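Next up is one chain by itself, shown in structure tokens, the form predicted alone.
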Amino acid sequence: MEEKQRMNGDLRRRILDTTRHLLVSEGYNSLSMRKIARAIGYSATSIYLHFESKDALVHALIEEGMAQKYETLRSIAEAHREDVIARLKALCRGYIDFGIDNPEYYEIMYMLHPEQMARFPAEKYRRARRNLEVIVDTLREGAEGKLLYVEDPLVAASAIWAALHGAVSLLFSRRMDVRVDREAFIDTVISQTLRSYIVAPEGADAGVSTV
């Protein structure tokens, strides 16, 4: 029984990994259960034993990527729980690093929008939303401690997310001016994005940022 479970687990992993590669390289419309089956050397029936449809496969990949990202952000938040500002900066960097380090997952999670794909299930969306809530909670804590100017933590977190996503998307495109240093670009995106939220230390000149 254990050997059968291990083999089923290995097959499920192969199906997901193969689907991820095909989805990014060939697109949603070209993806089919038969094509996945040919790529892994199994029958399409074997895939249907694990996933009921192509969309179920894509949803599983999105959920998997979101779970990995959440563990990354959660670990960052835990490591900086005593310093809200450092935590917020580290979360921003963690978001960008996750996208750079996991380009296939990131593209499927945030850049794949086929009109014909089934809607992402509500229960999976609620779990995925934890990624944003890590930033929301940090902004709320900073506002309550008078360390951050934040009127609506959810709106502010969404605005920060948009800026970070824009940075990852631009890095993905590889169309940035070659004179721009990548690390300097990332640091500047984060500092400029957070500048308006951070309360300047007492006695500092107006407009001075601690980012």
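What we label the rigid core is the largest C-alpha set whose atoms superpose within 1.5 Å from one form to the other. Heads up: residue numbers just count along the shown sequence, starting at 1. From a predicted model like this one, the values you see are computed outputs, not experimental measurements.
The same protein also has a form predicted in complex with a further copy of the same chain, omitted here; what follows describes it.
a further copy of the same chain in the predicted bound form: within 4.5 Å of a heavy atom of each of Ala86, Phe98 and Lys146? Not one of the three qualifies.
Heavy atom to heavy atom, is Ser169 within 4.5 Å of a further copy of the same chain in the predicted bound form? Ser169 belongs to the contact set for a further copy of the same chain.
With the partner left out here, check for me: in the predicted bound form, does some heavy atom of His165 sit within 4.5 Å of a further copy of the same chain? Although a further copy of the same chain is absent here, His165 would touch it in the predicted bound form, with heavy atoms inside 4.5 Å.
Would Ala77 count as a contact of a further copy of the same chain in the predicted bound form, using a 4.5 angstroms cut-off between non-hydrogen atoms? Heavy-atom contact with a further copy of the same chain at 4.5 Å: absent for Ala77.
Hey, in the predicted bound form, does Arg13 get a heavy atom within 4.5 angstroms of a further copy of the same chain? Arg13: no, not in contact with a further copy of the same chain in the predicted bound form.
In the predicted bound form, which of the listed residues (Tyr70, Tyr42, Phe51, Phe185) lies with a heavy atom within 4.5 Å of a further copy of the same chain? When a further copy of the same chain is considered in the predicted bound form, the option within 4.5 Å is Phe185.
Can you tell me which residues in 166-180 come within 4.5 angstroms of a further copy of the same chain in the predicted bound form, by heavy atoms? Those in contact are Gly166, Ala167, Ser169, Leu170, Phe172, Ser173, Arg174, Arg175, Met176, Asp177, Arg179, Val180.
Can we say the CA of Ala44 moves by at least 2 Å between the shown form and the other one when the core is superposed? After core superposition, the displacement of the Ala44 C-alpha between the shown form and the other one reaches the 2 Å mark, so yes.
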